[in-house]
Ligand code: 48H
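Coming up is one lone chain in structure tokens, specifically the form predicted on its own.
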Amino acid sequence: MIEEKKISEAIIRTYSERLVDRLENDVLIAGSGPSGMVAAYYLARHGLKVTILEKKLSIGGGIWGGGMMFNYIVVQKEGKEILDEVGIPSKEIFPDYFVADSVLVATTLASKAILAGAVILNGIFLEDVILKEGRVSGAVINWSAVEVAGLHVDPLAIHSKFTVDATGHDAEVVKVLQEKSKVKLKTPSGKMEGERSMWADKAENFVAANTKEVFPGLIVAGMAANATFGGPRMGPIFGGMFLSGKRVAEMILKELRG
């Protein structure tokens, strides 16, 4: 006999236990796009406690739509190596231009990250950061539905040793830190430089090179790195995004593990 009460209790109890467990993290990642999920996979695989906050119900960021809703993405050789590692097939169309099914990429990266030990909390957005003694030390979170409805509901807070802004073009974490706390960022102007117009080749190199700590405790990845440091957009080529996520993991592992 199926009892509705037990269905509800099973969900509430399990989720509540997981949420309490995730009040303290090694790494908190805002955004479950390509760079965020790749970072989570590599970090969790090395035993770090990683939580991804995703404001939407769906994961994947900009992967799903491919290019203009043609649901394929392009990667170059370096990006393909990461796809190969996680078992995502790709096809070479031109020399060093590989295409992959965008839906398969999104679902596989999410699966690999979760199976490695990362947790994705979807429907939750980062409203603010915890800023203590000049360092980002966690996130202030709330339900996305609260934001959409415009309700006045106080948030909760979770701690982390590092926070990663992988929120894409808007660089939402950097933006809220800059606007609310008036801090000086590690950029040429001390502020967000803003994303530039498309130049795919330059953007692909720029995103990995500028995946770095922009403020103590806060690392930018993917298109958030380009928006923060003034790089161009690149469209539906994703190798640089994958490499950015891997670079995040390498930086944090070096810092925490030596």
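A quick note: this is a predicted structure, and the numbers were derived from the prediction, not measured. So that there is no doubt, residue numbering starts at 1 and follows the sequence shown.
The next section is about a form of this same protein that is not shown, the form predicted together with the named molecule.
- Taking Lys186, His159, His169, Arg135 one by one, only a single residue has any non-hydrogen atom within 4.5 Å of the named molecule in the predicted complex, and it is His169.
- Interface residue among Lys212, Lys56, Lys202, His46 relative to the named molecule in the predicted complex, by the heavy atom within 4.5 Å criterion: Lys56.
- In plain terms, the part of the chain that comes close to the named molecule in the predicted complex, with a heavy atom within 4.5 Å, is 117 to 125 out of 178 to 186, 90 to 98, 148 to 156, 117 to 125.
- Taking non-hydrogen atoms only, Met223 approaches the named molecule to within 4.5 angstroms in the predicted complex.
- A residue is said to contact a partner when one of its heavy atoms sits within 4.5 Å of a partner heavy atom; Gly217 fails this definition for the named molecule in the predicted complex, lying far away.
- Contact check for Ser32: a non-hydrogen atom falls within 4.5 Å of the named molecule in the predicted complex.
- In the predicted complex, the named molecule sits within 4.5 Å of a heavy atom belonging to Met241.
- Contacts between 55 to 88 and the named molecule, taken as any heavy atom within 4.5 Å in the predicted complex, involve Lys55, Lys56, Gly60, Gly61, Gly62, Ile63.
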